[in-house]
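For reference, the chain that follows is the form predicted alone, supplied as structure tokens.
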Amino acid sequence: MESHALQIQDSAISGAVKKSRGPLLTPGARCALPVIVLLLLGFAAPLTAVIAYSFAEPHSFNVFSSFSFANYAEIFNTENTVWMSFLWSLSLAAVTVLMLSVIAYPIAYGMVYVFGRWSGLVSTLFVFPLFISENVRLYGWVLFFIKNGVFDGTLNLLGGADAPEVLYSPGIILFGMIYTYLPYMLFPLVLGLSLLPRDVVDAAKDLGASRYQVWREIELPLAMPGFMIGLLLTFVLAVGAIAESKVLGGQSVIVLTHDIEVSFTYAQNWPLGSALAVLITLITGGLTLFMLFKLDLDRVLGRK
């Protein structure tokens, strides 16, 4: 009897200890484990390799065995033209975002409040080009604007005038970026405007607010989360654009992604290409973190 009682007491103590320790992983952590492993293998490991290569000796593959800031010094060397690629990429991306914010807002407003049952058709028209390769669509614009192409031939047929030369210039690159990334600005704006409470707008109108006051004081601030998501998504994609400068611009403008591609291929200078990739990652990553701190994701996802 006494030994049986001691066994029961020992089992109770061990059970209490195990219960106090709890499981090694919570249910949420166990569910997130596959995603964490995927991110480590697909994101953290390649990023670590790129960062390590950026500190290697130029034109070498001695990763993890050498340490040098020569690649970063070469980027900011005024005698080198690599820093110009940074300026072109950031400038084109910034102008693209500004112009798309002006173009996409009226369309998004119409899709939410004006088009009614035609909104689905309008959405389909903007989504459908995404199912076609970007290069195919850009080469279509080349055939449209090229000498003796569709645009030139149409003007000659109508009035006998020749079309202006627009290909292979910064302007046509900007046009291609606006055309390509319009959906990525449009649909976050649609999301932001769809979360706008109409009773607040109606109350402001009843109190005598003008249309501009309603837009400035109510619509724009409340739709700002979707607007900021569109800005962030479009800017990150536009900074990494390369097809527009190659196909439409004919490499009249050398963007950052082109220099990265050349460093990893023809030049076989992986450390320099890695340094360029690290710098642009820091810029876009810092912007992303800043935007996320400013966003109320619970409200964007409809949890509030």
Partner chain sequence: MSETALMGVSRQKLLLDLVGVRKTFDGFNAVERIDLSVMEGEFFTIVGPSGSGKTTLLRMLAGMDQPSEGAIYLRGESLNDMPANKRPTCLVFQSLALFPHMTVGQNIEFALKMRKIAPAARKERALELMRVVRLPETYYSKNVMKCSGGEKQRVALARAFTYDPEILLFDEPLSALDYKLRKTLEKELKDLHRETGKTFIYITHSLEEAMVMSDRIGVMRDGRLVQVGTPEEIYTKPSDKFVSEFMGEVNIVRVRPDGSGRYKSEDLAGSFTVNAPASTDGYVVIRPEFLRFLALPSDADNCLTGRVHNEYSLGSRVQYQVRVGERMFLVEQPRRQSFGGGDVTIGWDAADAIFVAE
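Positions refer to the first chain, counted from 1. A quick note: this is a predicted structure, and the numbers were derived from the prediction, not measured.
If you look for the form predicted together with the partner chain, you will not find it shown, but the lines that follow are about it.
With the partner chain omitted here, the record of contacts in the predicted bound form names 215-223 of 74-82, 180-188, 215-223, 93-101, defined by a heavy atom within 4.5 Å. Residue contact check for L231: none of its heavy atoms lie within 4.5 Å of the partner chain in the predicted bound form. By the criterion of a heavy atom within 4.5 Å, G208 is counted among the residues contacting the partner chain in the predicted bound form. Interface membership of V127, defined by any non-hydrogen atom within 4.5 Å of the partner chain in the predicted bound form, is ruled out. Among heavy atoms of A161, none comes within 4.5 Å of the partner chain in the predicted bound form.
For the options A204, V112, L167, L174, the residue carrying a heavy atom within 4.5 angstroms of the partner chain in the predicted bound form is A204.
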